[in-house]
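This document starts with one chain, in the form predicted on its own, laid out as C-alpha cells.
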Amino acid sequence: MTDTIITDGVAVRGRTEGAPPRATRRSWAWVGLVPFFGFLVLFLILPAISVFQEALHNTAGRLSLASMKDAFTGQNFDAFKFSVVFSAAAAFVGVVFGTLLAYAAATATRPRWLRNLVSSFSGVAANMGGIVLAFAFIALIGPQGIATKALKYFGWNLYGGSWTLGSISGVTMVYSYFNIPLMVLITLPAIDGLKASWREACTNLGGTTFTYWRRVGFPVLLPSLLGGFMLLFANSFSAYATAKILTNNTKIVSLRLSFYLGGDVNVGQDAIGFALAAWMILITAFAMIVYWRLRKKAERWQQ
C-alpha cells in the first residue's frame, strides 16, 4: 500500500509504514561466467601456483630463492635479454605497420569493401601461429624456399651472410605476420574515435595537419599505441611453437624451458626450469597489466 504526499505542489508516492517490501528478483546472469572462471582456475591459476611452488623450493623441499636467482644469471640471463630484445622489436614493427594499415583502412572511402576485407583478414591472421606459420615461412624463405631460390636466381643470396630465420631480424619478420593484424584490430576502434569535428576545430583555429596530429590526434591515440605495444610484446615473448620449429636457439626463454624440463641432461635442475617459467609469468603479467591500464585510458576517448 502506498500514500500520495503533496509537497510544494508535487505529488510523491511512497510506501505506507508497515507495508511489506516489494520482492526483488534475483539475477542469475552470473551463472554464465561459471565456465569462464572454471577455465581460468584450471588452466591458468592452478598451473601458475604449481610453477611458483616448484620455483620457490629447493631439492630438499625447503623455501629458497636460489632457483629464481640462478634463472637470471649466465646463459639464462642472455636468454631473457635475447627474448626481450626480439619481442620488443617484433612489437615495434607490429605497432608501426599495424597502425598505418589500420588508418588507411579506416579512412579509405573507396572501395567500400576494403575495410571489411582488412578486418576479416586481420582476424584470421592474428590467430595464425605455431607450426603452420613456421612451415609457411620455411617453405617461402627457408634455405630451400621458393622466394629464396627466386632471389638467388636474380643474384641475391639471402643466406649468403649470417642471416637466418632464427636470428632476431628473422624471428621478428615471422612474428610480424600475426602482430601486424593484431595491431590493426586494436587500433581501428581508436582511430574511429577521432572525431572529424576535432580536425575542423584545429583548422578553424589556424592549425595545420602537423599541429592536429601533434596536439590532438597522436595524444588521443598514444594510450592505444602503447597498450598495443605491450600486448604485442607479451604475445611475442610467450610464443613457443613457432620459434621451436624455426630454430633450436636456446637463447629464447620459452625454448630454454625444454632444456631444463624436457630431457635427462639437467637432472636435478628442474627448479631452474620452473623459475624461468615463473619469471616469464611475471614479465607477461606485468605487460598485460600495463596494457589493461592503458586500454582503460584509451576507452575514455572512444566512448
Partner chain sequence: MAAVNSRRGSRLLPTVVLIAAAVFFIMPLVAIARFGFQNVPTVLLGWSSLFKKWTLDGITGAFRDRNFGPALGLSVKLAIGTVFGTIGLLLPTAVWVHLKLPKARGLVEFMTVLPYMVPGIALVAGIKVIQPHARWFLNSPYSLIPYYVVLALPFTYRSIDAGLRSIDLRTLVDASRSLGAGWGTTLRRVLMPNLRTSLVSATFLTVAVVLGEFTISSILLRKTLPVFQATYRSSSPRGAYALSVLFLLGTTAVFAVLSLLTRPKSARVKKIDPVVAAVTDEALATQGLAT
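All of these numbers come straight from a predicted model, not from anything done at the bench. Basically, rigid core = biggest C-alpha set you can superpose within 1.5 Å across the two forms. Numbering follows the first chain given and starts at 1.
In what follows, reference is made to the form predicted together with its partner chain, a form of this protein that is not presented.
Residue in contact with its partner chain in the predicted complex (any heavy atom within 4.5 Å), chosen from 138, 201, 222, 216: 138. With the partner omitted here, the residue from 208, 162, 144, 73 that has a non-hydrogen atom within 4.5 angstroms of its partner chain in the predicted complex is 144.
Proximity of residue 158 to its partner chain in the predicted complex: non-hydrogen atoms within 4.5 Å are absent; the residue sits far from the partner. Though the partner is left out of this view, residue 294 does not reach within 4.5 Å of its partner chain in the predicted complex, counting heavy atoms only. In the predicted complex, no heavy atom of residue 94 sits within 4.5 Å of its partner chain. Its partner chain in the predicted complex comes within 4.5 Å of no heavy atom belonging to residue 197. Residues of 33 to 57 lying near its partner chain in the predicted complex, listed in sequence order, are 33, 35, 36, 37, 39, 40, 43, 44, 45, 46, 47, 48, 50, 51, 54, the criterion being any heavy atom within 4.5 Å. Relative to the superposed core, residue 48 undergoes a Cα shift smaller than 2 Å between this form and the one not shown.
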